[in-house]
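Below you will find one chain, with nothing else, as C-alpha cells; this is the form predicted alone, and questions on how it binds or moves follow later.
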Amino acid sequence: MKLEHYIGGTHTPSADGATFEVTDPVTNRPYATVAAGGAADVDRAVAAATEAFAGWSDLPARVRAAVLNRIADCIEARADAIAESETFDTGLPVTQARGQAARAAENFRFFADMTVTLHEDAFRSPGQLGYVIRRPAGVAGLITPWNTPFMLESWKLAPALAAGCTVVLKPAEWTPLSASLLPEIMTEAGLPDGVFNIVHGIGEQAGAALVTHPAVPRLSFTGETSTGQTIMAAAAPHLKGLSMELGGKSPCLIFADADLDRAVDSALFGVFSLNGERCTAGSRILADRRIYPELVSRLGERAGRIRVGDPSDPATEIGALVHPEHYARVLSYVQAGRDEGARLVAGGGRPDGLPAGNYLAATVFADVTPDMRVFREEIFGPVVCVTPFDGEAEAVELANATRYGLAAYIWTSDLARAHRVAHAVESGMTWINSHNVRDLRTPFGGVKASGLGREGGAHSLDFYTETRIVHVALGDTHVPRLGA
C-alpha cells in the first residue's frame, strides 16, 4: 500500500521522492509506504490552500454548513471502514474505534450548526455605533496525534472549515491510515479542491515546515508537552495564533462517602479505555485512606479480568499499544514503578497467550508516592497509580503535585466538598461523579503544562477567525482642534 500527500485535489508523492514505512501494532510488520513530506511539499500545500481561501471563505455560512453536513453523511456511510482502519493502525479495540467514527461525524454536524448561528456584536454609545466583523483567519495548520487520529482530525478540521479557513493537515506519522480516507470523503461531499490538503511526514520535517511557514497564521496541535514547547518557540517569530492541547497526569479523587461501585467503574474506564493512550486519562487515583485497602483490592481484581487481545475482536477491552517505541517507553515506566518501590497489584507485563505484538496487561500500582516517576510523569498507557490521602487538604495537595493540569475527576456524595475541591484542583476540566463525558459546546483544554488556549464550540470558531471592530459616528463628535 502506498499513501501519498493530497494537495490541491490531487494525490501526489513527495517532491524529493522520500518515503517512510509504517507498521501495524499487532504484528509490527510494515503495511504501507508513506510519502515523507518536507518544506517543498508544505509550500505546495499552503499555496493550494491560499489559492482556495478566497472562494471558500466568501461562501455564505449556510453553504459551508451544507458541505460539512455532507462530510458527516460520508463519514457515517463509511463508519465500519473507518473503525476497521483505526483499529488496524492504532491497536484500539474495535468497539471503541466505532465510537470514535461516530463522534467524528457529530463533530462536523455540530460545527455546521455553529457556523450558521455565529453572531457578530454591535455596541451603541452616544454619538457612535461600533460593530464587529468576523473573518476567517486564513490557512490553518493542523497537527494531529496518533491515539485517536480520525476523531481528533475531525475535531480540528470541522471548526476550521466551518469558520471559512482552508487547511493543511499533518497527520501523525505512526497512524496515517484513516487520514487517507479523508480525500475521498471531502471530494464526495463537494469540498472545493485546495480547501483541504494533507502532507504526511515526520514531525521534525513536515511538521516543522508547517509550523514555520509564513503563510499559515493559525496552528492547532495536539500531542506531548515537549513537542508543544518546540512548536511554540518555532512559531514565536511569526506571531502565529496557537491552540495546543498537550500532556496530562490527571487525578481521580475518591472520598470515603463516594458511591464506590460507580467510582471503581469510572476509574477503570478512565485509565484503561483507549488502551490508556488518552490525554485525559485519570492515571492517578487518589483515595481516602479509610477506603484505600478495599479500593486497591477491587481495582486489582477488576484489572486482572480486563480482556487484552486482538483489537479487531469485539470482546477485547485493551488492544495493542500503537508502536514498538511507545510500547518500550510504557514498559520502562512499569519497571521504574517496580524499582522505586510501588506495589504491583495487577498486570505489569505481557499477558499470557500473546507472544507477539505490543500488548500489556492492565497494570495497577499501589502505595505510590509523589516522588515516584510513575506519579509525576505521563505514561500514556494502561497503567494506573493509587495513592492514599488523609483529608480534603491533602487530597487537593496531591492532585496538584504535578506539572500538568488537563482533567480531574472527583467522587463524593458531599456536594459542598465537591465544589470546593473542583475549585481548588488545578485542571482545565473537572468532572464530579462522572467520567469523561463532554458537551461539544464547552471549552476543552488544560492549564500549566497541559496546554494553551481552548477549543470546543464558540471557542474553536473564535480561534479560527479574526474579529475586527468598526466605529461609525452617528452625529457630530467633538474633536479637540490641536494646532488651531
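Computed from a predicted structure; not experimentally measured. The first residue of the shown sequence is 1; numbering continues from there.
Beyond what is shown, the protein has a form predicted in complex with a small molecule; the following relates to that form.
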property	result
Candidate stretches 312-320, 283-291, 226-234, 72-80 - the one whose heavy atoms come within 4.5 Å of the small molecule in the predicted bound form	226-234
Exercise: Gly91 in contact with the small molecule in the predicted bound form, heavy atom 4.5 Å	no
Non-hydrogen atom contact Pro382 with the small molecule in the predicted bound form at 4.5 angstroms	no
Interface membership of Glu173, the small molecule in the predicted bound form, 4.5 Å heavy atom rule	yes
Heavy atom of Pro251 within 4.5 Å of the small molecule in the predicted bound form	no
Three-residue site Glu120, Pro159 and Leu161 fully in contact with the small molecule in the predicted bound form at 4.5 Å by heavy atom	no
Heavy atom within 4.5 Å of the small molecule in the predicted bound form - residue from Thr412, Thr144, Ser180, Ser266	Thr144
The unique member of Gly203, Pro217, Gly300, Pro351 whose heavy atoms fall within 4.5 Å of the small molecule in the predicted bound form	Gly203
